[in-house]
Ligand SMILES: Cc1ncc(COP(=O)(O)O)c(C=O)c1O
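Before any questions on how it binds or moves, here is one chain, the form predicted alone, in structure tokens.
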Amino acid sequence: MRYYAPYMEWAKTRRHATYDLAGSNMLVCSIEEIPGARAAITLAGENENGYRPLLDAIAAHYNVTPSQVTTANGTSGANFLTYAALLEPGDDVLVERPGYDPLMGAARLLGARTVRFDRAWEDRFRLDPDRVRAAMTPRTRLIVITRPHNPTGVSADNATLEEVGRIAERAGAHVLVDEVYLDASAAVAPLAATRSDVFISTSSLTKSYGLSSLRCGWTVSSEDVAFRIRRARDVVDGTGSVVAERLSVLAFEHLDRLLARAHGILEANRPLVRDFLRSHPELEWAESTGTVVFPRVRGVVDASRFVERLLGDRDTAIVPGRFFEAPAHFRLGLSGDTESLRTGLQLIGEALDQKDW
């Protein structure tokens, strides 16, 4: 199947683990953590081109105009609508490797061709404009980047991103930057779409704010691209959920508090993960600014057996690197419950020490 996304299938069907370090979502919020949430629930409201109070809230957050904002069903929905708005069958989409498989699957579903450029381990997964330039084809219409990078958590600096933008602009293409992890990131950077019209940024309340169930996603782009994305949504799903969008507006009213909560979780968790990685010489990794890290097991071609034994024997989940085309690695989430993370790291360490995989 041209649209198959193996990681998403695995994520939805894998066995539940007591110590689940496989997720990249921020620890989920309770409804009590958003004052007024219960009272805000209603089935009434107009949202033909997006619920206007939500468009206003997103625009104010980034200091752009509401006409530059489109809403979507999560960041994946925002990415798909962007593809649908900009791509024709036979177009080429440049996607980074290692990469998040829906970014490839969505292009194939629309009849476009995915062309890969590497974020190489030797460069500690740095975004390299020369690799992007070398991958360009006459049919390239879109370059796709995640910032921070999924699965490694490595961020792209502003100068590098601007150079990729110039490459796209010279080719008449756009750069889609999935920035769903950016707000919780340790790397402070402005939204890519605020730099120039060549960039389209996507994000949501999911990964940085602990509100994945709202499925509140969006794009920020030029007004012309935003109009095209809205027309694509007319075909895909029409509108969003008024219930979710009203709650999302309320979340934006408390966004500073939600972000402080996220940073508090990560400030507690990052040192635990850093100390763990440093204490295990059989692991090597690139420094992460995001909510995930992507260690490599030295001397191992494929760490899948290790991941499977860890789940089966120690009830602890991490993500096999094969789903990101880097099988010697595994992805470890930093943004869950601190005590579960602490215990899960201990169990991973025991499994590494035992070397029975």
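Computed from a predicted model, the values in this text were never measured in an experiment. All residue numbers refer to positions in the sequence shown, first residue = 1.
This next part talks about the form predicted in complex with the named molecule, which is not shown.
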So in the predicted bound form, is the named molecule close enough to Ile200 to count as touching (4.5 Å, heavy atoms)? no
Q) Is there a heavy atom of Ser76 no more than 4.5 Å from a heavy atom of the named molecule in the predicted bound form? A) yes
(request) With heavy atoms only and a cut-off of 4.5 Å, decide whether Tyr181 touches the named molecule in the predicted bound form. (result) yes
Hey, in the predicted bound form, is Asn269 touching the named molecule, heavy atoms inside 4.5 Å? no
Residue within 4.5 Å of the named molecule in the predicted bound form by heavy atom, from Ser221, Thr82, Ser204, Ser155, is Ser204
Heavy atom within 4.5 Å of the named molecule in the predicted bound form, from candidates Ser208, Asn150, Ser248, Thr71, belongs to Asn150
Of 192 to 200, 261 to 269, 172 to 180, 106 to 114, the segment with heavy atoms within 4.5 Å of the named molecule in the predicted bound form is residues 172 to 180
Looking in the predicted bound form, the residues of 111 to 148 with a heavy atom no more than 4.5 Å from the named molecule, listed in order, are Thr146
